[in-house]
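One chain comes next, on its own, written out as structure tokens in the form predicted on its own.
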Amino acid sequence: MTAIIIEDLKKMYKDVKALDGLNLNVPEGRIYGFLGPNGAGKSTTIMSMLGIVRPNSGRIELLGKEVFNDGFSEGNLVKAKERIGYMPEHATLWDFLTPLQTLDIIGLAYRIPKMERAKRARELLEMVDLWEDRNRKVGKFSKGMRQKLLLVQALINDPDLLILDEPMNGLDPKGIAEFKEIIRRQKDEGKTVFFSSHILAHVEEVCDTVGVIVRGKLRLEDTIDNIKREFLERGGYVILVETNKPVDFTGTGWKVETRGENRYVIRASSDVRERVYDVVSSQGAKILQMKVRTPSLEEIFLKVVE
């Protein structure tokens, strides 16, 4: 089953095309990284899925329910949102409430029974190390503590689809590691995570599939491994080699740079590692280390955006 289907979604803000025929497909059980430069349409996409922004046309299906088809189906939207958790990038928490009160109110909105709300709230607050602060006013919380509370309020209904918009802003390294582990745990439990972030290293570490939106259109969508493989095949291979003695690569047709003693950087249009081994062996040398330098997600993102 597919968790999110978006077809030919369009949204205009006066003369600006925020979404220009966007198509998106997120299978269940994936951690999907949604990437794009500022103004690309990421927030408009999320707001459209949640029914906060009304697109001009197109179709949206969430968790098997068609929630928009050139107009919102309010009944289907409500049913879908009962199974969705959302952590917004910019949110106003009730500063005069405590974490326990905050989660109780949100749990009540989901019609979760009182005893279950209390049990769920304790589990979640302990998970993010906020249990000791459960009766402290949220207005006294640091930015990182507020981010943790925003995350657990999105989990209070044990959602099948978790939508996270820039979730790791303001977190210290320990908090970031905790968030990554929580996100991975959702996938292990069969949940789907739709994860928007501008910190590409975080996306690369936790997501198995990414989509890149530029000017309201999806420019790239695939698993990270497939994307890297495709960019290697298109842009050429960079192979790092270290040998036990000097090797002459003249006549191979490769671009070769010498980096230090018996260390070489080989650039070729294809994966020539087997031929490298043959050339080195034919000269009585041994390979001590050989690896392909794969492009980072950040390098790929910049090329797609350009």
Partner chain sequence: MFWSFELELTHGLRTKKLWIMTAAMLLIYVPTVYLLKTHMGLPTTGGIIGTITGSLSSGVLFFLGVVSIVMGSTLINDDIEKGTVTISLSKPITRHGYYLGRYAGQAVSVLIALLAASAIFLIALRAIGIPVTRDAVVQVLLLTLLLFLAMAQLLALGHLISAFIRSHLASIGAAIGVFFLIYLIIPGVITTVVVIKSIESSANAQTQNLTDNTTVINQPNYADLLQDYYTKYAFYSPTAQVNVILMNTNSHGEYAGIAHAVRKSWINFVLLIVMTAVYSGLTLWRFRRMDLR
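Numbering follows the first chain given and starts at 1. The model shown is predicted, which means the values in this text are computed figures rather than measured ones.
One more form of this protein exists, namely the form predicted together with its partner chain; it is left out here, but the text below deals with it.
K.L.:
Of these, 141, 179, 86, 231, which has a heavy atom no more than 4.5 Å from its partner chain in the model of the complex?
P.N.:
After the contact test, the surviving option is 86.
K.L.:
Considering non-hydrogen atoms and a 4.5 Å limit, which listed residue (106, 128, 203, 171) is close to its partner chain in the model of the complex?
P.N.:
When its partner chain is considered in the model of the complex, the option within 4.5 Å is 106.
K.L.:
Which one of these stretches, 128-136, 185-193, 220-228, 71-79, sits within 4.5 Å of its partner chain in the model of the complex when only heavy atoms are counted?
P.N.:
Looking at the partner contacts, the answer comes out as 71-79.
K.L.:
Looking at its partner chain in the model of the complex, do all three of 43, 92 and 150 come within 4.5 Å of it through at least one heavy atom?
P.N.:
Checking in the model of the complex: 43, 92 and 150 are all within 4.5 Å of its partner chain.
K.L.:
Flag residue 10 as yes or no: does it have a non-hydrogen atom within 4.5 angstroms of any non-hydrogen atom of its partner chain in the model of the complex?
P.N.:
The answer is no: residue 10 has no heavy atom within 4.5 Å of its partner chain.
K.L.:
Verify the contact flag for residue 51: yes if a non-hydrogen atom of it lies within 4.5 Å of a non-hydrogen atom of its partner chain in the model of the complex, no if not.
P.N.:
It does: once its partner chain is placed as it appears in the model of the complex, residue 51 has a heavy atom within 4.5 Å of it.
K.L.:
Within 4.5 Å, heavy atoms only: does residue 47 come near its partner chain in the model of the complex?
P.N.:
Result yes; residue 47 sits at the interface with its partner chain in the model of the complex.
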